[in-house]
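A single chain, nothing else alongside it, follows as structure tokens in the form predicted on its own.
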Amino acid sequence: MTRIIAIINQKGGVGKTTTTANLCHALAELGKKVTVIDFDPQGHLAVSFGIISHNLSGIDLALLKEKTIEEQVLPVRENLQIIPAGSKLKDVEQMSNTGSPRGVMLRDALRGQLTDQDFIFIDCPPSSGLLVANGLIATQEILVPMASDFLALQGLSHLMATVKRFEGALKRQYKISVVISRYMSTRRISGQVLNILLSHFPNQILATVIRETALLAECPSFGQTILEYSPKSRSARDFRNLANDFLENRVMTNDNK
């Protein structure tokens, strides 16, 4: 059965798109069939895979029922395909008449589609608007990339309040996993934030932290993931370990952090 995972953090700058691109590629390397939806109108995820055309349509037309999701798929790596954002995605947030409830457009577009995939990841924008609502309604599983700084903690509190509202309205409980990204062991605040997270999210933080490196900032400009740009680097190793954490539900405890 296909697992659908929304990758969400309403605060920008936490490494969300970096986590999405590299984790999805690492899972594909392990033989999993992965589709990732670029659900952010900025379209940075597509750029990370080397897709730079501004004229591509994508999930925008699937939401508008002009195309099916499967018609909008682009293969980008072995076992990995992307559905770009599309130029009209930024307009969807402003639409008032779609012929169906606005919050379920993505859920409806996904129904009966991509059933041969192991995973569908939804790279949500850093906001709390209609697109994030569509992401939350379309899934029962959330992955939260979390930078290890104080302001990111504040943003996480806001996100969890949003998730609780949706859980109440939809009468469901999300499976929530947290990825520690942009981690710098030399900064005291990183360890402090991690300890706070461990106390608030027991058994929900994936075991591998993604350490901050210049390589992770460089590789999108070459249209490559870290697994291609520097395959033997510690960053590539981090993401390969994270992919196994995700598959095996390996989580961090106070004993193994």
Ligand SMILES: Nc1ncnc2c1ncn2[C@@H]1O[C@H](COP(=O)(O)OP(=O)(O)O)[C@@H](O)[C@H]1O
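A residue's number is simply how far along the shown sequence it sits, counting from 1. Owing to the predicted nature of the structure, the values given are computational and were not obtained by experimental measurement.
Below, we refer to the form predicted in complex with this ligand, which is not included among the displayed structures.
4.5 Å heavy atom contact, residue 148 and this ligand in the predicted bound form: Judged by the heavy-atom cut-off of 4.5 Å, residue 148 is well away from this ligand in the predicted bound form.
Close approach of residue 181 to this ligand in the predicted bound form, 4.5 Å, heavy atom: Taking the distances in the predicted bound form, the answer for residue 181 is yes, it comes within 4.5 Å of this ligand.
4.5 Å heavy atom contact, residue 216 and this ligand in the predicted bound form: Close contact exists here: in the predicted bound form, residue 216 approaches this ligand to within 4.5 Å, heavy atoms only.
Partner contact for residue 212 in the predicted bound form: this ligand, 4.5 angstroms, heavy atom: It does: once this ligand is placed as it appears in the predicted bound form, residue 212 has a heavy atom within 4.5 Å of it.
Which of 28-36, 185-193, 64-72, 203-211 sits within 4.5 Å of this ligand in the predicted bound form, heavy atom basis: The contacting stretch is 203-211.
Within 1-36, the residues that have a heavy atom no more than 4.5 Å from this ligand in the predicted bound form: 11, 12, 13, 14, 15, 16, 17, 18, in sequence order.
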